[in-house]
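A single chain comes next, written as structure tokens; it is the form predicted on its own.
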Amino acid sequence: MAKILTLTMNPALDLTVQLGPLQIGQVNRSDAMLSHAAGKGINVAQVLADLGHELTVAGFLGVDNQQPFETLFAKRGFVDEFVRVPGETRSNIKLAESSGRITDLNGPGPEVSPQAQQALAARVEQIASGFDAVVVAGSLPRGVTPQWLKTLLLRLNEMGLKVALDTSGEALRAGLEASPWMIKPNTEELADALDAPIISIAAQAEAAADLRRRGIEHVVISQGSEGVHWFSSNVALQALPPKVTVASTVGAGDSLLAGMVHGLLSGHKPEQTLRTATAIAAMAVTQIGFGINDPAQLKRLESGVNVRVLTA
């Protein structure tokens, strides 16, 4: 299997609160509370590890509450290359209603100094050549600019690495300029980055063609329960997920990205790659937490994914 590096610039301790219908401005009583060391790149790493790959994780981690992350890394067998920074890694609160609706309260993250940014760039430069792919996922903490991210991505490209990018806002705009191997925005994120509506299949195909001309090989557009569109030089596919009972949508996009990276690095056929990735995302929304806990369930979900060729 592949050796993969994931970069999570702004990890988080996720506190998921399970409850019935949320009553705004009222006292709400929870059914359960679960805490996870998380962040998009870390979530991706957990899924990829369950798929059999060898993972190294890096980014910025606050020294004041690093223990849950270190425990996870040790449990998962991840090589820890995170740069520690003063303060606490942010906390995110997820209010997960029984209907499946999620309300996010995301913290800002610590302030990351130029020295810490230089240290991470140097560490990545030192280790990155040994990997089959690098996944860069999530938001940027305070102090880290989109331009810094672009410079890092360009350097990874210069090293000949396959870079999969999943971010949003100004970070995605800057990231597109670095022409990563793969991007996985949702429809709204890509429309915002391109300053153009891309609701129709034709508009998405046109946008993807332009991005491929800019050097981005794979454009994967997630659309929640409406499925996934994947455009590359020889692929224009749609996958519709099976119907499932939603526990939480947190981590679904990360699981989809992990599945796409897995299929492409493993040399699977395009239809199988998208089918498996979509099933992994569908599985993610049925649970609180990250990873593939039931391979038999995953196989059942794969059989319910509908993959077809996209036509405008």
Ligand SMILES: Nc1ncnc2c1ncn2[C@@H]1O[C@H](COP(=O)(O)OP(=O)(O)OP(=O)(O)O)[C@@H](O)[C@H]1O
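Residue indices: 1-based, along the sequence shown. For clarity, every value in this text was computed on a predicted model and none was experimentally measured.
Keep in mind that the form predicted together with this ligand is missing from the display, and what follows is about it.
J.: With the partner left out of view, is G227 within 4.5 angstroms of this ligand in the model of the complex by any non-hydrogen atom?
T.: Looking in the model of the complex, residue contacts with this ligand include G227, since a heavy atom lies within 4.5 Å.
J.: Any of the heavy atoms of G253 lying within 4.5 Å of this ligand in the model of the complex?
T.: Flag for G253 set to yes.
J.: Check whether A281 has any heavy atom within 4.5 Å of a heavy atom of this ligand in the model of the complex, and answer yes or no.
T.: A281 belongs to the contact set for this ligand.
J.: Could you tell me if H218 has a non-hydrogen atom within 4.5 Å of this ligand in the model of the complex?
T.: Result no; H218 lies far from this ligand in the model of the complex.
J.: Using a 4.5 Å heavy atom cut-off, are Q223, P241 and V246 all in contact with this ligand in the model of the complex?
T.: Yes, each of Q223, P241 and V246 comes within 4.5 Å of this ligand in the model of the complex.
J.: Can you check 139-147, 200-208, 182-190, 75-83 and let me know which stretch has heavy atoms within 4.5 Å of this ligand in the model of the complex?
T.: Of the options given, it is 182-190.
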